[in-house]
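Only one chain is given next, in structure tokens, and it is the form predicted alone.
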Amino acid sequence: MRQKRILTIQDYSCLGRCSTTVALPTISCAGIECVALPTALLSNHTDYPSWTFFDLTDQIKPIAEKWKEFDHHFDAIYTGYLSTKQVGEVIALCKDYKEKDTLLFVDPAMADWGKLYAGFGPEHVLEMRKLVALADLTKPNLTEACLLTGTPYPNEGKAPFSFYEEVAKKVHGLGAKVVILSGLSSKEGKLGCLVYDGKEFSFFEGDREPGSYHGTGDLFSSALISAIVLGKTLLRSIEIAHRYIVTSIHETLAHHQGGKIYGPMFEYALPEFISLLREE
């Protein structure tokens, strides 16, 4: 049987668990070949007080052009954090592979808690809408979904469930085939995802773990796309990704290391992740 292959397009932060540094080991441990296209090289991620940054935007197109010389196929493309000027380059790359039945999974990775990340402006939202419109799957959090659809963000991110459903419908209306609205909670101590495929809604919710950790969204996305590519149902894939994050946080607390900046110790959770993927 041919080994599955996923292309991930996002930055590489050398220190701190996020983006490519968590996507590569997670996808690889799933038994999937992970091809990484780094969009920038950072000394460490931007939750640290300072960092170095080397922009690789000018390498995206020549790398994509070189790949056209070879006979290869990506089962999925997973996009993460992108700068505004990189979105157009990534769209062009994705369009080429969409013609080859490659699944496109877009994590907008641009905002949280009601506001855009530092360095992003309204033009970034407009560009990201174009990429989301191509997606087979997109996983915005509530802030990103509101920005993408021009919907006012609710006070403290809390709203009736009908509001979440309406926002998910609007994101679907942009062109994405399936919307996974992440980071929602129906009650205290719970956290989950609302899924809308244009016909019906489904919802997964699990335990909310204490603390805040940089990179958990990237870990979740990496585990999610791995499970999907291996043939798991969408809700089962979400459950596996959630359990991966929970175990990562438990291990972090048990070892008294890590924290918000360093990210959860996912390395200790990889054996369970592999086991979950092998279950029927």
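Residue positions are given as counts along the sequence shown, with the first one as 1. Computed from a predicted structure; not experimentally measured.
Keep in mind the form predicted together with a small molecule is missing from the figure; the text below concerns it.
For the small molecule in the predicted bound form, the listed stretch (65-73, 249-257, 232-240, 37-45) containing residues with heavy atoms inside 4.5 Å is 37-45.
Contact annotation: Tyr117 falls within 4.5 Å of the small molecule in the predicted bound form, judged by heavy atom distances.
Although the partner is absent from this view, Cys18 contacts the small molecule in the predicted bound form, with a non-hydrogen atom inside 4.5 angstroms. Not displayed here, the small molecule is kept clear of Phe204 by more than 4.5 Å at the level of heavy atoms in the predicted bound form.
Contact annotation for Tyr196: none of its heavy atoms lies within 4.5 Å of the small molecule in the predicted bound form. Only one of Tyr81, Tyr164, Phe105, Tyr97 comes within 4.5 Å of the small molecule in the predicted bound form through a heavy atom, and that residue is Tyr81.
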